[in-house]
Structure formats: structure tokens, C-alpha cells
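Here you get one chain, nothing else, as C-alpha cells; it is the form predicted on its own.
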């Protein structure tokens, strides 16, 4: 009886964690330039990209982060643990110390998609309802 209770508890925890990961970027999607070889990323890999730990894609192409300030704040918080303000401060410090380059910024979703479409190695989080022309959508696992 005790073993069944433990198994049931573990299954419930696993299902809850799986549901949380599936909704991690609810209302937003991750896009990349078509030159990026990856079709999917783990949640940890996305966090490493957004926090500057991963600076290059497989194959050596530089990662270029592009953001849409305030429009994807919740998704950014879920992906890397920082809201837009903390993310901006984090990258300003990296840039000032010479350890990174600040993400490119866009005024709206259409401009963000255009920047990603025309910048090799670019990645961004965009609202789920954005028109995704000329970019690829990355699945987050």
C-alpha cells in the first residue's frame, strides 16, 4: 500500500512538472533565424542562451538575442527568471564589463520578427499571435 502511494505521488509530481514545462512560455513562442540549425531547445538551453552562458550555436555561429521590451515580460520571466527590467540590467552589466553584447531591441512584434529574419543566428521570444514570416519557430522541451 505504501509503495502504491509513493508511485502515485511520483506520477502526480511528474505530470505537474510536465504540464508546467508545456506552459512555460504560455502566450509566447521562441523564434530563430532560418540559419539556426536547431529545431528545438530544452528549457535549460534557452535559459543558458538568454543569460549569456551559451554564446554560439552548434556549428560556431554567434547567438544574437533580440527582445521586445514589456510585451513578453511573463515569458521572459519564465524562461530565464528575470523580468524585462532585470534582464536589461543584467545585459548592461555584461556589456559594460566586456563579457557580452546587449540584446537587440524592437519596438513591436513585426519589427522583432523582421530583425530575427534578417540577422543570422538571431533568437527571440515573441507573442504567440505574431505573424512569423521568414523565421523558424523553435519548440521548447
Partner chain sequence: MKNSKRTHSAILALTATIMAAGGAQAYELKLGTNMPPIDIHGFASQGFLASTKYNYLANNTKDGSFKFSEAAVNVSMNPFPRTHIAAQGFLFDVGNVGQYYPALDYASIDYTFCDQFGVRAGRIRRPEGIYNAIQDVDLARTSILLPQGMYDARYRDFSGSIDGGSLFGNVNMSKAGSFSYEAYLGNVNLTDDGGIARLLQDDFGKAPTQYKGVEGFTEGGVQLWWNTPIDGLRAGFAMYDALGFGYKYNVNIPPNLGGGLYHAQLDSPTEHYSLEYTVKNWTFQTEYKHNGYESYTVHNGVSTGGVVHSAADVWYAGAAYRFNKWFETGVYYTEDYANVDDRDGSKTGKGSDAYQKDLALSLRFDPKPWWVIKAEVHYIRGTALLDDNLDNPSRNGDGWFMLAMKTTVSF
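Positions refer to the first chain, counted from 1. If you're wondering where the values come from, they're calculated on a predicted model, not measured in any experiment.
Beyond the structure shown, there is the form predicted in complex with its partner chain, which is absent from this document and is the topic of what follows.
Student: Answer yes if any heavy atom of residue 81 is within 4.5 Å of a heavy atom of its partner chain in the model of the complex; otherwise answer no.
Tutor: Although its partner chain is absent here, residue 81 would touch it in the model of the complex, with heavy atoms inside 4.5 Å.
Student: I'd like to know if residue 26 sits close to its partner chain in the model of the complex, meaning any non-hydrogen atom pair within 4.5 angstroms.
Tutor: So residue 26 does not count as contacting its partner chain.
Student: Wondering, does residue 102 line up within 4.5 Å of its partner chain in the model of the complex on heavy atoms?
Tutor: Result yes; residue 102 sits at the interface with its partner chain in the model of the complex.
Student: My question is simply whether residue 39 lines the interface with its partner chain in the model of the complex - judged by any non-hydrogen atom within 4.5 Å.
Tutor: Residue-level check for residue 39: no, no contact with its partner chain.
Student: Output the sequence-ordered list of residues from 34-54 with at least one heavy atom within 4.5 Å of its partner chain in the model of the complex.
Tutor: 47, 48, 53, 54 sit within 4.5 Å of the partner.
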